[in-house]
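Below, in structure tokens: the form predicted alone, a single chain.
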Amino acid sequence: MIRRPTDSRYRGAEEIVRRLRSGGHQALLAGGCVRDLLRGEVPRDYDVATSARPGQVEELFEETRAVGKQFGVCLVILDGSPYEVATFRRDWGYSDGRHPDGVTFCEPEQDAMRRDFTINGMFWDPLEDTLLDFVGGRADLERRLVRAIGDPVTRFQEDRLRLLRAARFAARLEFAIEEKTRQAIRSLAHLCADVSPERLQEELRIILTDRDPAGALRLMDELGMLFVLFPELVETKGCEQPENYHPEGDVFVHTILTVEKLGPHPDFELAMAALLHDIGKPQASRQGGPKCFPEHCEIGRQMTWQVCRRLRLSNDETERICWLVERHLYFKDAPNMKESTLKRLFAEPGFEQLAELHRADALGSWGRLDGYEYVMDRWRNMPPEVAQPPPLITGDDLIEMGYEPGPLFGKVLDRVREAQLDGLISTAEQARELARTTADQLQP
């Protein structure tokens, strides 16, 4: 029925089931790993469901971690890999829209009924090669349907993150969402706003780096969730653009196309930047007039910073995403850039992400890649020692020349470095002379 994978992660999961069985407990593989195995895919993770209580699980394995013992969940560490092992349970009450108020340990059939979607609600016995399907998950796999288990409104009210998970699974698997499930999502889409920033960013991280992030975003828009999460995108719908540069349509259409042109599995910072790169256009058009977007990159950076703060992204991720949004048009004028400007661009840690954003942005609009191809050709054919030669002068040299450390240092060193990258100077003596001249000009 299921072709067993040969990887060590699967062997570890099977060993956990075998050891629980030897201890007198029922144990099965559960959830998404069963779905993937039925589809002939190697699961990313393996979860085990068992009749054993957390304390009994801890007695059978040398290394465990408590992650939710009150809900019957613990981690078993086997050969350095973590596996979630959960006691069969029935949940009741979800006051916070995430955690059950209480649990009752039960049989596998009742456990299946508390799960989110039928395709994630199956169990498999790897020792007997037996599928336990109490919810019609296998039939929905064959029908290519994402269907909530039981009453969809109840399932989504129990955990609001399931609203997003429905779109994620539908896009990843290229499945349709069953009609009652779809209607429930539309009616409850506003509840996405109740999901904690930490859980929200984790789910968005998966969606935006998955197989079809643009497909997921389109589905989130269709079901009313996208603008709940990103109200900054609301005005991009209907924000018209010059037809000669944007024959594809308004800013929203272009935005989703840009994400699509990144291809499958983009990195998270790049995907976020693609999603947000033009959010400044509606505000800019109010300043510059219809189809005119002065300073939309700078406006977009400020708005992007607010989005990243709201999602509680790290400072490093926030800075990188904002930098990409602010500079997403940078390649447009590349043929007219000074040599030093190009070399500094090549030295930026986010250069390759910026290049990919520009490529996707162009393919999502008029399709011309002149600027991209010019920059990438220069980058590929410029040896590292030419692109980033060792500095000819340092702050220590300026001190040795008699200058006091202070704001002047940075300005002098920048001017010398720019001249070096432009090929105007090439020796330490020339650098010192330029430093003296620059310092004399800048000092009062």
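Only a predicted model underlies this, so the values are computations on that prediction, with no experimental measurement involved. We number the residues from 1 along the sequence you see.
The same protein also has a form predicted in complex with a small molecule, omitted here; what follows describes it.
Taking a 4.5 Å heavy atom cutoff to the small molecule in the predicted bound form, the contact residue among 368, 265, 199, 312 is 199. Note on the partner interface in the predicted bound form: the residue among 343, 168, 328, 296 having a heavy atom within 4.5 angstroms of the small molecule is 168.
Residues with any non-hydrogen atom within 4.5 angstroms of the small molecule in the predicted bound form fall in just one of 51 to 59, 33 to 41, 400 to 408, 384 to 392: 33 to 41. Judged against the small molecule in the predicted bound form with a 4.5 angstroms heavy atom cut-off, the residues 47, 159 and 162 are in contact without exception. The small molecule in the predicted bound form is not approached by residue 261, whose heavy atoms all lie more than 4.5 angstroms from it. At the 4.5 Å threshold, heavy atoms of residue 255 stay clear of the small molecule in the predicted bound form, well away from it. At a distance threshold of 4.5 angstroms between non-hydrogen atoms, residue 147 is out of contact with the small molecule in the predicted bound form. Remark: residue 115 counts among the residues lining the small molecule in the predicted bound form, judged by a heavy atom distance of 4.5 Å or less.
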